[in-house]
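A single chain comes next, written as structure tokens; it is the form predicted on its own.
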């Protein structure tokens, strides 16, 4: 924060803008919030951190009027209030910007902003345009009032969402995972906007899983664990600590130890078949540089699905010992790419080759048997059958095949033995192997999928948003598994999280409207190049490939 902002903050009232006092909320079998107290101050960015299931979403849902607490109360500017609905929250000056856009794409920016205003018989569009200019100037952004919101980049849509919250007079702003789908340039713009909001005296709640964002932006940081506030790092400690010291303090609060030590039991996952550094199969095709090619797409074309684009002439090579990243704003053909490779969607043109042999005509099962595996982003809808036990879900793609089925008979002992081994090996937290898979947490469902796809004869694994919505600890575990595939295998990592791609991938291809618009070697300056390609700067072309 600059000196002017510090002076304004110091001069502000010591009364919190909002206080959540002794909030408790339970659902059947789950104590989501347990006597939680958090104070939000004007002119501050208060970051809320915690693993999945820690209670962050429930707590903010209560503040936003989406849930009612079982006990405890809320104070706004020192006065106790009852927030019974989102409308009531807005009346008390509490606005929420959700992770996914709530704008109506067919309407213009200014139409979205005045949508729902019914106090006058006629809407004053000219006055609304003036107000938009005032808010834009305050935030330091430029927004065309007449642009259709569907035509705006995600970062610009998010700015409109923030203005929409301010439009209703919000003095407290809740931001739920605001950077999860933004380009690096949009993240930088958001940070500028948040600083402007802080200087304007708003109280901002910032929910994120990314430690570096919390460290860079926050004035105060609260950590939730198992429904309780385990600790808060106050303004003075934030200001006096180095970024590394802050990260260590946060990790200690979240896990009680360093992140590496906390996650160590989960990181020792055996990647079968080859020792580290071993070569690809002897008969593998090599590219012009002599590298062994594991998977290749040549002018692959796939029809879109509804409003989602398909593939429009995609050509890619994935080498053994490599993690190839696929970047892009969500909804630009990522699902079509993943499903075309896995066999769930047929090509209309082109070819897919696996280990040098064409596989476009093969079924999902045939590709899976060859060692081509797919970890879907739709864990609940596609990845598992929620009503079936963990044990059966671990062999879901092998139903009817040996050794788990013989002559039409289920081999229960083999299925259970396999499940017990994988539950232990991949640290899947489940009451038993007979527990219905749909009752597991998101992180444990993801580890179930990884256990199923990484074992056996896995050679190439396609990951689609593998850590989306996971907590810090499980995210670290999954990313280490992906990087471990460099040892004699290969991975295609499709992700909307650029930090994830920069951490895991050797090269990163950018997908836009179903086309590969550039391939960037990972290293210094890669984030900027990828961001430019994501927002449509194709002058880089494929020169970086």
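Residue numbers count along the first chain shown, from 1. Quick caveat, the model's predicted, so the values are computed rather than measured.
Keep in mind that the form predicted together with a small molecule is missing from the display, and what follows is about it.
Checking 209, 131, 220, 198 for any heavy atom within 4.5 Å of the small molecule in the predicted complex turns up a single hit: 209.
Proximity to the small molecule in the predicted complex, taken as a non-hydrogen atom within 4.5 angstroms, holds for one residue of 440, 347, 233, 165, which is 440.
Partner contacts here mean any heavy atom within 4.5 Å of the small molecule in the predicted complex, and among 297-305, 416-424, 441-449, 403-411 they occur only in 441-449. When the small molecule is considered in the predicted complex, residue 32 lines it closely, a heavy atom lying within 4.5 Å.
In the predicted complex, the small molecule lies within 4.5 Å of some heavy atom of residue 58. The closest non-hydrogen atom of residue 67 lies within 4.5 Å of the small molecule in the predicted complex. Among heavy atoms of residue 51, some come within 4.5 Å of the small molecule in the predicted complex. In the predicted complex, the Cα-Cα separation between residue 439 and residue 27 shrinks by 3 Å or more relative to the displayed conformation.
Relative to the displayed conformation, the Cα-Cα distance from residue 29 to residue 391 shrinks by 3 Å or more in the predicted complex.
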